[in-house]
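There is one chain below, alone, in structure tokens, taken in the form predicted on its own.
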Amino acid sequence: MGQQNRGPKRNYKQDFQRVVAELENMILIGAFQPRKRLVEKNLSQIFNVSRFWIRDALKVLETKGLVKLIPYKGAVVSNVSLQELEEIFVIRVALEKLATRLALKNISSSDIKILKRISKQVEQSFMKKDFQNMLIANTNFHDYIFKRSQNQTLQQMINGLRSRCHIIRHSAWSSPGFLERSLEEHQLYINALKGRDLETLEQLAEDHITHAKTHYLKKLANENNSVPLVSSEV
């Protein structure tokens, strides 16, 4: 008898990376809120994989600062202290200004067309009230600019810091007026890139980060019925 057809061979490494990526995305879009406990049994059912895979995936996300593993208690979604927030945003402003400055040297007319297309995707998702795809498209917009810096190390540093600020991103994007402002900023970015306006680009790089932090601090202050403990200036 011939050998039975067992179907395509599974790529376990690729499957594991998919689980990590999907779990990371759920944290970044706010499906799992900061300080929320991540139960291995529940996650294994959601992703239809073993608890061992979930355990290893959580270890990977801990290295990215998204998850905190507590001995004898399990995993929780990481929170960001006000001091950490201030430190991260100061560094992010400097790095994103640098990435934008480097990108300006490499940007082409075809790149401008791509950015316009991505910006349109953000706008369409906004009109449909599709928060998840809007967040993804917005991230793609800024990532595309950073990639044109042609500095992978710089991109990795920015992405790492941005991931650690997942609580800020979700809070800001759920704030009234923030989404409309982001759409306006995209057009300003495109115009400044076309006009090779470095000064405006660097100001935009600082503003879009500062706005997110300011929205979060205001929300936190309202929740605590107190004033922010740190300045909203960067």
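All values derive from a computational prediction rather than experimental measurement. For every residue, the number given is its place in the sequence shown, counted from 1.
Although not depicted, the form predicted in complex with a further copy of the same chain is the subject of the following passage.
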Inset, instruction - Give a yes/no on whether residue 90 approaches a further copy of the same chain to within 4.5 Å in the predicted complex, heavy atoms considered. - result: yes
Inset, instruction - Indicate whether a further copy of the same chain has at least one heavy atom within 4.5 Å of a heavy atom of residue 164 in the predicted complex. - result: yes
Inset, instruction - Spell out, yes or no, whether the shortest heavy atom distance between residue 62 and a further copy of the same chain in the predicted complex is within 4.5 Å. - result: yes
Inset, instruction - Please run the contact check for residue 159 against a further copy of the same chain in the predicted complex: heavy atoms, 4.5 angstroms, yes or no? - result: no
Legend entry - Stretch in contact in the predicted complex with a further copy of the same chain, which is absent here, among 122 to 130, 109 to 117, 136 to 144, 82 to 90 (heavy atoms within 4.5 Å): 82 to 90
Inset, instruction - Scan 134 to 159 and note down the residues that get a heavy atom within 4.5 Å of a further copy of the same chain in the predicted complex; none is a fine answer too. - result: 150, 151, 152, 153, 154, 157
